[in-house]
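Quick heads-up: it's one chain on its own, the form predicted on its own, in structure tokens.
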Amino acid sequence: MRRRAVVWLLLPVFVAVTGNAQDKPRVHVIATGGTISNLGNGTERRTGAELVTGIGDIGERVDVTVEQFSNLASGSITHEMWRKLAGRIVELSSGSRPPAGFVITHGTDTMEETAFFLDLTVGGCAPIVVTGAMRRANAVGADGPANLRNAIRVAAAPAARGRGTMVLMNDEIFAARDVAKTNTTRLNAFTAPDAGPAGVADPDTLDFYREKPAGCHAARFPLDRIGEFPRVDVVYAYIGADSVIADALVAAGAKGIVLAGVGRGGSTPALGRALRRATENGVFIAVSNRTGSGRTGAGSYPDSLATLAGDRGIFVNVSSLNPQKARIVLMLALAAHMDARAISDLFSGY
């Protein structure tokens, strides 16, 4: 039986005792762009301040502050922007009046990747809630205002503290590790295929399905321990896949390759041989799958790598992490100068 932590957020709970901002939880909104701000004309986007202004009386319940980090489609987000965004959250969290929580507005196309990166690199008690929209800001039935409002509610909630980074879309709360975008256009595009949602934001309450952590969230990769991001790529397996892409990536300087394998992580013989050659050049191989859910595991490796299965550190399976998230873990592990055995142990924890 699942255990549920329910937080009642009825109006009296939110009303400030004295009417001063100091008596309300403060949520800091960092706007990065995305469909939630897009007005559909190719150039004009709403700012984060305009988005917050458009959600009505939330300021009566929560002290909301806003800053504009960027205003881009999420496909334009870079690794260095990730580093700066995480650093900004760490900076604000260590200030004289740290926020109770953070909300990041973001495009949905790469939302799961940014959320997972923040979950891995930012520790502390203050929750980080990433949200966005499937419909443009001026579309009929725009979902952005409701998503932003609910994200602020989650970020301000005591029961959200210690839960790390989450994604809030379509009234559902997802853990960053579990969430994936699984539809191109629908309002319910975000799911957690293997784990399900971590909770829901109903009109009168936030209902968390998992017990609140006992302590604060710990960053697996604190920013001060991360060096330059190495090149890590994803190679997709399919019928007829040969060695060309994998060999080209090694030649281009890739330090890690994630295989999006068929089934439980399988590959074609030609691609498998190329990955084996890559390991001989010091490239770390992580085996994921292209199915969208389910685990990779022992015995599911490409035939040409099967003889290496017991050789820790040459390559690993990534449990149920999808390829794009496995790539982030491998990139951070290499940037943190972890050795092969430590990387293998790290992935076994997922």
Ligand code: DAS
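Residue indices: 1-based, along the sequence shown. For clarity, every value in this text was computed on a predicted model and none was experimentally measured.
One more form of this protein exists, namely the form predicted in complex with this ligand; it is left out here, but the text below deals with it.
Candidate site formed by T35, N38 and R45: every one of these residues places a non-hydrogen atom within 4.5 angstroms of this ligand in the predicted bound form. By the criterion of a heavy atom within 4.5 Å, L223 is excluded from the residues contacting this ligand in the predicted bound form.
For the chain shown alone, G107 is a contact residue for this ligand in the predicted bound form, at least one non-hydrogen atom being within 4.5 angstroms. By the criterion of a heavy atom within 4.5 Å, A73 is counted among the residues contacting this ligand in the predicted bound form. Residue heavy atoms within 4.5 Å of this ligand in the predicted bound form occur in exactly one stretch of 200-208, 108-116, 215-223, 163-171, and that stretch is 108-116.
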